[in-house]
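Just one chain is shown here, as structure tokens, and it is the form predicted on its own.
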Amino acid sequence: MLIIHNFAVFEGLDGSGTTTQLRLLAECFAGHPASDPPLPPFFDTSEPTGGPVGRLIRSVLGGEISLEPATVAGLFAADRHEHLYGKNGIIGRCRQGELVVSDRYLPSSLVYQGITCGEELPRKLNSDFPFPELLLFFDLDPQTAGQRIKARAGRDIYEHLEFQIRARERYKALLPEYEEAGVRVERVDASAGIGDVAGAVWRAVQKMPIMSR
């Protein structure tokens, strides 16, 4: 399986803090423009994307429209293809020497759509997508994640306890596949304080070869 160098992915349950930590990482890069050695150009992104397909997916997740689970799985794959190969996409940025970090990627489809429509279809739809160089899994028990989600203004269709329990089990089963494929998998204790988690993220990212060029 092809691995995209200079590409890292944050994965975890809803409420595990991936979005917050990606924002903090971006701020860290922006706050150290004159470091020695210099930091590489940094680009943070997420799935679903902000593109046309990604916006449609977000409407589904928010409960604004209802689609069949298999349709949603196909939309995620289409959005990911554009995310990777479209104009200013992940592949091009990484090849140009940028460090790209995405809040969610391929593992999310295998976990979430694997629950909603079975394992076979998501694996088929996503079988040709390359792997990231680094995968950070923000591990958090579903009950704690659920308490964090309650503080939000609204929930998406997957943000309930039974689903998140199943999602964590699937993540745990999936991670060894990535390790065997040559992806560096780092497990982060997402129950720790925000600063401690940010420190763990920074240490993991610093080990990427692009950080020492």
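Just count from 1 along the sequence shown to find any residue number. All of these numbers come straight from a predicted model, not from anything done at the bench.
Keep in mind the form predicted in complex with a small molecule is missing from the figure; the text below concerns it.
Asker: Answer for residue 138 alone: is it within 4.5 Å of the small molecule in the model of the complex, judged on heavy atom distances?
Answerer: Judged by the heavy-atom cut-off of 4.5 Å, residue 138 is well away from the small molecule in the model of the complex.
Asker: Answer yes if any heavy atom of residue 133 is within 4.5 Å of a heavy atom of the small molecule in the model of the complex; otherwise answer no.
Answerer: No, residue 133 stays farther than 4.5 Å from the small molecule in the model of the complex.
Asker: Might residue 55 be said to contact the small molecule in the model of the complex, defining contact as any heavy atom within 4.5 Å?
Answerer: Judged by the heavy-atom cut-off of 4.5 Å, residue 55 is well away from the small molecule in the model of the complex.
Asker: Check residue 29 for me: does it contact the small molecule in the model of the complex (non-hydrogen atoms, 4.5 angstroms)?
Answerer: Residue 29: no contact with the small molecule in the model of the complex.
Asker: Go through 176 to 184, 63 to 71, 140 to 148, 43 to 51 and give me the stretch that gets within 4.5 Å of the small molecule in the model of the complex, heavy atoms only.
Answerer: Correct option: 43 to 51.
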